[in-house]
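You are given structure tokens for the same protein chain in two forms, set apart as structure 1 and structure 2.
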Structure 1
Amino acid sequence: MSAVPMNGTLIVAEHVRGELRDVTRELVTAAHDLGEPVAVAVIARDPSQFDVNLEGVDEIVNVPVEQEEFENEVYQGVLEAIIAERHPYAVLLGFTVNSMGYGPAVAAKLGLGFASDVHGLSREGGAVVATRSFYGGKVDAELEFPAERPVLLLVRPTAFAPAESGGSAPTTHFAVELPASRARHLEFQDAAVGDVDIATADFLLSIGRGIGEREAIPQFEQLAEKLGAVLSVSRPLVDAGWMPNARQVGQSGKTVKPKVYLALGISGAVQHLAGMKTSETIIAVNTDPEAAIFNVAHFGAVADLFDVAEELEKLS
């Protein structure tokens, strides 16, 4: 495959229940950093129902299939067929549950370069350079893929701004015959949201392991109520059994975008940042001046969270 000329960047659109997921728009923006023509493949029973005519898209490739919802074997078969015919320079998928179900398998089967949780992209002398985090988000590393080798990358959601609508890309159709899938989508079962849906809140007061002990939680529940905020938490508090998953912000919890996100005692693990860094205003309080959350905060204070909470109590 490496002997065949490679062209462009291929994106596979992601959709659920008839709605295009935001990560598809973000992938279009990420593709701009590779400087190649961008094609977006839409795999669906009716691909035309999804508007992927976005700024920066050079071609829309509609792939009609029998399945209405995602099935990993179907997507894997389609992607392998498109790669075999078009030989894209790079393939970009979201770093999501769906894409993890088939993207790595395609890369392994076809011998493609591969990286997951990518949050930065560039080109250097023809090579693709992908940036991803290690050691719980404390270190970023650049992975360089040789120019002669196609690459498949899973891009972290929210790492790039979503592309705007209003493109003028032509549409082509791609027909593919697939063997019967061994998996079947049956139905969706909605997870219980618990006593509150933090994803709809305008003001979140979010606490992390910096609170020290479970007994401190009621203090912050009361503070959130006084401030007119909704209490949310980082993953360690959920893992410890102190708070329900419905309150968790992050990749394994909820992605939120409130008008105000007040983070007390949260260091800013990469999984947490992915779930909140697009908030309109982020205010962070942490005793560690090197805490990763300060990299995304609009306002920050290196201070004891309990001192700050005490002052907020006086103002409320």
Structure 2
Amino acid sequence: MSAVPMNGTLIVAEHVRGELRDVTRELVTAAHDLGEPVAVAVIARDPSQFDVNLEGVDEIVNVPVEQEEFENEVYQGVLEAIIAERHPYAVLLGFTVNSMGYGPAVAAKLGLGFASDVHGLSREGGAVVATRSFYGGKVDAELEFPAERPVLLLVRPTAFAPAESGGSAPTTHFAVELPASRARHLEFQDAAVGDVDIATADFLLSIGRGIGEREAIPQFEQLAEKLGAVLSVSRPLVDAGWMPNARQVGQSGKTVKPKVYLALGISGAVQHLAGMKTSETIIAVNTDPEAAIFNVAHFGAVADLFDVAEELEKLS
């Protein structure tokens, strides 16, 4: 592959049930940091239904396929064909559930440089330098990639601002023959609806695994009521069956943006932050001074959540 000059950054648009997902706009902004022309591939039955004419996009590549919804072998086949024909300098996909199912496979098959959960990008001479986190978001690392090969990166959602509408890129068409999928989309099932909509609350009291055991939950239900807050949780409390799905904040739960988000015993995993980091005021209480939640919090306290909860209880 090194014999052919590489150029351009290729993005694959992400959509579900006829809607373009926000991460696509964010990828356009991320691509900007690489200084190459930007092409956005749209893979769908009718790719023209999606408006990806965003500021900063230089070309739209429409790829009509039989499947309306995502299937990993369809996306893999299309992406491999485009890379083989165009030799892009870089390929950017969202660090999303869809991309997890095919992006790494494409990189392995074609021998590309690869990293996931990338939240910073730059270029040094010809080389891409990417930043990603390790150890539960507590440390960052700068990565370099094999020389003279494209890189394929899965970019963290919400790490880059979304690109504005209003581009004027020309559209081209790309046709590809695909073998039958071995993993086929059948239908969607909507997430469960709950008794309260945590997404509309002004004040969320949010508890995480730091509460330790199921028996502690009633105490926080009472505290929330006293404080006039709605109780929300991180995923492990839902996984354990302690709280209903509808109370979960994060990537696979609800995205919330309350006036105040008070997080007790939540570490700040990337998928949790994705759902709450744009809250107006974030207050975090955690015994671990290095917890990643403090990187997005406006106010933090290194303390035992039960001690703080007890004192809050007394004040209300």
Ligand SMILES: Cc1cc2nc3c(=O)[nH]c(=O)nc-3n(C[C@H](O)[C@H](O)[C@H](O)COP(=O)(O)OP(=O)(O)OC[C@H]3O[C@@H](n4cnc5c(N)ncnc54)[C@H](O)[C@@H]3O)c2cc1C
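Just so you know, these numbers come straight off a predicted model, no measurement behind them. Please note that residue numbering is based on structure 1, beginning with 1 at the start of its sequence. Think of the rigid core as the biggest set of C-alphas that the two forms share within 1.5 Å after superposition.
Of the two forms shown, structure 2 is the one predicted together with the ligand.
Annotation: Cα of Asp58 displaced by less than 2 Å between the two structures, core superposition. Once you line up the core between the two structures, the Cα of Arg123 stays within less than 2 Å of where it was. Comparing the forms between the two structures on their rigid core, the Cα displacement of Pro47 stays under 2 Å.
When the core is overlaid, the C-alpha of Ala269 ends up 3.8 Å from its other position between the two structures. In the rigid-core superposition between the two structures, residue position Ala303 carries a C-alpha shift of 8.1 Å.
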